[in-house]
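One chain follows as structure tokens, the form predicted alone.
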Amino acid sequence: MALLVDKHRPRSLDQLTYHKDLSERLRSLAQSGDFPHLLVYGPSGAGKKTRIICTLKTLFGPGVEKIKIDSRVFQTTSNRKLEFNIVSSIYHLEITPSDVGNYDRVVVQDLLKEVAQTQQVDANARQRFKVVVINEADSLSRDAQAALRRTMEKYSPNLRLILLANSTANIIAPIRSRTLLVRVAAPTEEEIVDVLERSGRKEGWKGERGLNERIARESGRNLRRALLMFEAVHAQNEKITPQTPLPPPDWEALLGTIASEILAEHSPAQILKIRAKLYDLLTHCIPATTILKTLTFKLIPLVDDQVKAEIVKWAAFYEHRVRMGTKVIFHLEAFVAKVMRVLEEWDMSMDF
């Protein structure tokens, strides 16, 4: 059974209910005959991916929706084999090179070169180029971005790139200068309420505007999260009222438990216990940076004001380590140990 977030996903630019001016600009680009490389950025849950798929449908037609998932194996210079999934149609490919960590350059170089050197197979296609959509472009290593830049320069007649990112801060300047930047802002709470009401009507659920407004507020203007919360509330409760409690995601509740455990005991045994929970989150595909950020926000209300700045400082330090390193569990565990140390030092200073 499909989730609401997929079941009611807009299939064309006309069906998108917010940022109408942006939809019109994307339509104009698709119909102009001179489609550029794009760098689409904005917060999670703003609808970047949905807009791009709708734009590709305008560009190529309904064939974009006939997708398949292939598994490819790439070989590094040290003969290590990397298994990598590719979502594709005959007109486009969708990849997430950051899934292979520091080996993302190998995927970018080999795959994009292969795609760019082949002509469009559909003789009736409206465009003569293929599009490659790169998810989490701001997580690409510098080497991968440099390889991307060379590919953009060398193979632009047969290839268009669409980079999706939360921010442009980690994208190198040469790529930013060679792409058209498109910002997709987070929807307003009112726009999220409107989407929830539409989805509720399609499902035949009785609407409670007060509840929808709470969901929009609690979601942090993340439409994907709002739809998941909306569906969870209706799945878990027979009777819905404006006061119906909103269940937190399981991973968020687990991070709340970890925050409490950090404060409860400062020992190696406690770190080992927390490590198991961190591994559990990572194996369920919760990004390390999300774990670090959420854990920090869970800790801040539980500690004294004088300690808050210190915890935020070390969270920023270890977030940088997570992005630069390969074994994220080491850095998450080091953050937990550091917070325990900071809390111990604070307790000792208070004793004196």
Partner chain sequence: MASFFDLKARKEAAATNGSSKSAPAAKETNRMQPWVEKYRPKNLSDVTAQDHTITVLQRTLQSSNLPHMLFYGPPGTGKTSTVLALAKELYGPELMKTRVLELNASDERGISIVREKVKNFARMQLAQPTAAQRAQYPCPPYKIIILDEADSMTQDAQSALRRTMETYSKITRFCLICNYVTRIIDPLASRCSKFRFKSLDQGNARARVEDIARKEGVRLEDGAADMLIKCSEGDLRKAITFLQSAARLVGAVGDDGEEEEDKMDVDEKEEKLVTVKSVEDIAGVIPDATIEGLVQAMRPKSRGLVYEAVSKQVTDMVADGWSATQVITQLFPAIIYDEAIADNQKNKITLIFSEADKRLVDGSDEHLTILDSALRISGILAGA
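All values derive from a computational prediction rather than experimental measurement. Positions refer to the first chain, counted from 1.
There is another form of this protein, the form predicted together with the partner chain, and it is not shown here; the text below is about that form.
Here the marked residues Gln236, Lys273 and Thr283 all miss the partner chain in the predicted complex; none has a heavy atom within 4.5 angstroms. Within this chain, Thr326 is remote from the site of the partner chain in the predicted complex, having no heavy atom within 4.5 Å. Proximity of Asp194 to the partner chain in the predicted complex: non-hydrogen atoms within 4.5 Å are absent; the residue sits far from the partner. The partner chain in the predicted complex is not approached by Asn212, whose heavy atoms all lie more than 4.5 angstroms from it. Though the partner is left out of this view, Ala259 does not reach within 4.5 Å of the partner chain in the predicted complex, counting heavy atoms only. Only one of 261-269, 248-256, 145-153, 204-212 lies within 4.5 Å of the partner chain in the predicted complex by heavy atoms, and it is 145-153.
Listed residues Arg72, Arg224, Lys277, Arg217 were compared with the partner chain in the predicted complex; Arg72 is the one with a heavy atom within 4.5 Å. Residue-level contacts in the predicted complex: of Ala185, Leu82, Ala232, Ile240, one residue has a heavy atom within 4.5 Å of the partner chain, and it is Ala185. Using a 4.5 Å cut-off on any heavy atom, none of the residues of 188-208 reaches the partner chain in the predicted complex. Relative to this form, the distance between the C-alpha atoms of Val312 and Gly101 is increased by at least 3 angstroms in the predicted complex.
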